[in-house]
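To begin, one chain is listed below as structure tokens, in the form predicted on its own.
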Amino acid sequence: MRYSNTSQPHIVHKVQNSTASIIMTAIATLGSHCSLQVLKGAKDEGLKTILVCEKKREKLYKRFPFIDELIMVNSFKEVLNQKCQSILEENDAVLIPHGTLIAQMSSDEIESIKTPVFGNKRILRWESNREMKEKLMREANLPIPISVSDPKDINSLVIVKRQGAAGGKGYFLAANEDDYNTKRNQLISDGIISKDETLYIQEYAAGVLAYLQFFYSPLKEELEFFGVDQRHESDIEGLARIPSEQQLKTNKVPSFNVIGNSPLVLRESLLDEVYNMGENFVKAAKKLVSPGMNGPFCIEGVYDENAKFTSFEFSARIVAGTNIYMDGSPYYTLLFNEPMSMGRRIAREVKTAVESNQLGKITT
């Protein structure tokens, strides 16, 4: 191991696999969210793998032999430091963004990263800002719930959300203004949200949760439907197992904090609409935030009793729900005759771009 000054990121060199990398480009990401899938996929494609790892998680990530190097940091924001950027540059690394990057850094900080970022780092600003997010979804003609600009105008069940990628933490349901104020104040008192935090209010859409996962390749100019997942949120799901009499006696504001994911397969008759929504989103993103929606993304919503989809979110990067398909999804089985995770699909796009001298077409 080689350690640098403790105030700077340092590298833990790991034993490389005997098989040499096919090309000299490395795949790097932050040690959280879906990093194991991303780096395993990169190693399967013959690429070097680098993990920016918080020191508190070093023991966890040293368990996995497909991680070639760990860049140890005290916080993920150190990826912005010149030292860390230099290490990534020396390795010709491509940084794969995921939800932790958005949660830990501002849009300005993300856009200042010098390392090539896979996809379009500018569209992450649109994901982080609720008003911009709604504008892009409307441009894509996605059916979305009505947003409520003022708590005084709440006259039906709404869900209140935080800005950015909060993973559901701090979200709450409200039926009217008083209900909104009571729960908001409780979450402030509990230290879950801040007093000056801007919250987004949206009509609650009921139905079967479905998070639609896509990959758009600018190299092939082709959209791929990857899979579907459902998210399990605590402790809102646990309340369903408690009798209503006991539910009414608690003052706790239920949490929508995402704990895990499970797979879902849609009725085949729904797939045509799924592809149409994905293609419309790609077109809208290309129009509003150049170069558009390159790489993985997710359209998130519910199907109602008539199998009509309402979209309440999008994620403009790989989502953690793809972790359930590390050996490939049912829909990618139809497109690839080999196991293909989203992490491996990203790595293959990078490898193809490097080999054809088109890396600038898939990174920003």
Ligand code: AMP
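Numbers for residues come from their place in the sequence shown, where the first is 1. Not measured: the values here are computed from a predicted model.
Same protein, other form: the form predicted in complex with adenosine monophosphate (AMP), not shown, and the subject of what follows.
- In the model of the complex, adenosine monophosphate (AMP) sits beyond 4.5 Å of every heavy atom of residue 125.
- Proximity of residue 204 to adenosine monophosphate (AMP) in the model of the complex: non-hydrogen atoms within 4.5 Å are present.
- Using a 4.5 angstroms limit between non-hydrogen atoms, residue 171 touches adenosine monophosphate (AMP) in the model of the complex.
- Taking the partner from elsewhere, residue 313 is found to have a heavy atom lying within 4.5 Å of adenosine monophosphate (AMP) in the model of the complex.
- None of 62-70, 334-342, 29-37, 305-313 except one has non-hydrogen atoms within 4.5 angstroms of adenosine monophosphate (AMP) in the model of the complex; the exception is 305-313.
- A heavy atom within 4.5 Å of adenosine monophosphate (AMP) in the model of the complex is found for one listed residue only; from 180, 256, 76, 225, this is 256.
- A heavy atom within 4.5 Å of adenosine monophosphate (AMP) in the model of the complex is found for exactly one of 118, 211, 281, 216: 211.
- For the stretch 281-302, the set of residues having any non-hydrogen atom within 4.5 angstroms of adenosine monophosphate (AMP) in the model of the complex comprises only 300.
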